[in-house]
Structure formats: C-alpha cells, structure tokens
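Here you get one chain, nothing else, as structure tokens; it is the form predicted on its own.
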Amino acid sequence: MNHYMVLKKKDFNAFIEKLSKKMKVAAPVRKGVKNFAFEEVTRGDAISRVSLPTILPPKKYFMPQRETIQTFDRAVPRWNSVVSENDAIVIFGVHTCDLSGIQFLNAVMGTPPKDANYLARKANITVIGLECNDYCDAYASCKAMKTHLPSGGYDLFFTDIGDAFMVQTGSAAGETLAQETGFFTTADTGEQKKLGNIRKKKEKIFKDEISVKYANLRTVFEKTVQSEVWEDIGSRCVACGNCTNVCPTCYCFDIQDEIDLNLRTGRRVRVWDGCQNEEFAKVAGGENFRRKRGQRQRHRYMRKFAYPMEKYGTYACTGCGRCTRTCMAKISLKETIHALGEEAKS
C-alpha cells in the first residue's frame, strides 16, 4: 500500500483532538530540558514533533514493564492463563529507528512459540510514524543501521514538508483512520516533489556514523570475541542496566510468582529483565555463566550484531542511540564498534 495524502498543519490539532475522542492517543511529550516520553495526549500542541528518542521506546505499549500472565486459586487445581489485551491505542510520532525496533520485536514474538500477550496487544495498536528530517543528536547511528528512512512497520507515516505533512499509508487500518478523521487530501505533484527534495537533502545530511560497514558488522563481532575491548568496557561498566532497559529491541523478562495475604490466591507476573544484571545468567547452585561485567557487555553487543543476523536475518540495533545516551559510565556504542573494527583489520 503506497497511497500519499496530505494533512495541513493548521488541521493537526483538530486531527489529534478528534482522534483522541475515538481512542487513546500516545505521543512524545517533553519532560524537562532534554527528555521526552510517550504519554497520553488529547491535543496536538502537547506533542513534541521534533524530539530526541523518548526515554523508553514505544515497545512499552507492546510488552509492558510488568504484566500478569497467569493467576491461581488453591481451591482450583490449575493455573489460569491471562491474555492481557489493551484498549485501542494510536501511537503517534514513532521515529524510523523505533519503527525498526517494533518490526524486530514483531518477528521475535511472532516466531513459534508465539507470544500470545504481545500479539494481542499489537492487534489493538495503530502506529503513526514521524520522519526525522535531521539528526536528533550526535549519539544516533541510524544511517549506519539503515533505519533513517521509513521501511514499513507503520499504519500511517508523517513527513514534515513545510506547511503540511506528507502522509503515506502503510495498512488498511491506516487508510481507514485517515478517511474517518476527514482531514486528509490526496497529495498533488508539487507536494510529492517537496517530499522528494527532503529525501535528497537527507542523503547529504545523514552519513555513516560508524567506521564499520553494515554488511561487515557481524564478521567484526565474530572475529573479536576475545578482544581486550570487552575487558576495558567491563572495567568501566557499573551494571546499572540502563542500556537494556531503554533498548527498543531488548525483550528479556523474569517470571515471578506472588501470593496474596490470604495464602490462597495469587498471580504469575513477568517483568522486564536484562543481561547486564548480575543475577541474569545465574543458575541453580549459584553458577554464573557471565559473572564479569565485560562478559555481559560482550553478550549484549553480540545479541545486537551477531546472533539475530543468524536467526532473523537482521541486526537488532536500530541506531537510536539510547544505550549511549543513558549510560552512566559513558560507554559509547560508536566508539566500541570503531575499536573492534580496527582490531578486526589486524
């Protein structure tokens, strides 16, 4: 589906207001000076249309940080599975890097054994992408990861072309939403030319941000498994887990059983977990397969640039820059890749 429409900026606020009366709308909202977060909005002027990537990616709507997956009652000799569907929601302002993250999670959670809760939530989510016409900041590596341009994962996709947004449909649901709100018109030749000029300008603005070519990333990581770079990173890492918490493609979780005070009923919940936490790779008997922080950092990078390419045919890094942006130890993804790339040459 490749239908181009236009939404005039003067109608943007009315579009969001009308949409919010039909269903919940979430979009990037400024939180302080430099931080942004996806939150529910009812007005277009509450949305930050030019922003850094949000603190947490939109994956929080697809797989919440905490959700009940089973309940039990000791009077009934079985667990009851809970498929937690969400109310219909539109997520507006999803950058292309986060669209890539959603597509990756869709592949992971849609591969058998399929994740019923994830897929149930996904069925009620409409995604509206928003193009970045310039870099968000120096931490981004979206060009190197080929996520700076739209490549699917959206129902509608907005591009700022001046006095209006060029809007591309990506699904029947997106087409229906546009028709029902009634603010969109078919794009004319001049407006399509504006979009073409923006894309040409982006070719000059967005350059490969890392020194290793996209096609060579997997080879570099496979050749540097024993690199001293991991020791250096491990010596600096404070194991806070920020990098995995904010990553749009991390999907690891822990399972916890909780019993009520009546000692009869309770629930099984899953909560976000991450490979940088010390307890993550510990098994019965106390053995920890990745006790050192450098080992855990190496595993995190391999889960982005080696293992997923083998299983899913794509990298799990979207180039959003969140891991570097939030790292308390100032560990830089770009610098790490550069160091490993130089070592792999020798």
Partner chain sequence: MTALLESPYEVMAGKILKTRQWTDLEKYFEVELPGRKDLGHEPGQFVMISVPGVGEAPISVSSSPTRKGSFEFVIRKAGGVTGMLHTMKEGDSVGIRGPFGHGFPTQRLEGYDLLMIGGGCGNIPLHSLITFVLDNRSKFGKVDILVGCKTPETVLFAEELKDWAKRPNVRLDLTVDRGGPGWQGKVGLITKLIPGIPTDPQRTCAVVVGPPIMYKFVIQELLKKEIPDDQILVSMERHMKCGVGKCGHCQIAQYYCCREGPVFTFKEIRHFYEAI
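Being a predicted model, the structure only gives us computed values, none of them experimental. Positions refer to the first chain, counted from 1.
One more form of this protein exists, namely the form predicted together with its partner chain; it is left out here, but the text below deals with it.
Proximity to its partner chain in the model of the complex, taken as a non-hydrogen atom within 4.5 angstroms, holds for one residue of Thr111, Thr185, Asn216, Asn197, which is Thr111.
Contact with its partner chain in the model of the complex, defined as a heavy atom within 4.5 Å, holds for exactly one of Arg268, Lys146, Lys223, Lys202, namely Arg268. Of the heavy atoms in Asn117, some are within 4.5 Å of its partner chain in the model of the complex. At a distance threshold of 4.5 angstroms between non-hydrogen atoms, Ala46 is out of contact with its partner chain in the model of the complex. Contact between Ala138 and its partner chain in the model of the complex is not found at the 4.5 Å heavy atom cutoff. In the model of the complex, at least one heavy atom of Arg74 sits within 4.5 Å of a heavy atom of its partner chain. The putative spot formed by Glu40, Thr176 and Phe206 is not touched by its partner chain in the model of the complex; no residue has a non-hydrogen atom within 4.5 angstroms of it. Of the candidate stretches 270-278, 188-196, 94-102, 150-158, only 270-278 has residues whose heavy atoms lie within 4.5 Å of its partner chain in the model of the complex. Residues Gln295, Arg298, His299, Met302, Arg303, Tyr307, Glu310, Lys311 of 294-316 are found to place at least one heavy atom within 4.5 Å of its partner chain in the model of the complex.
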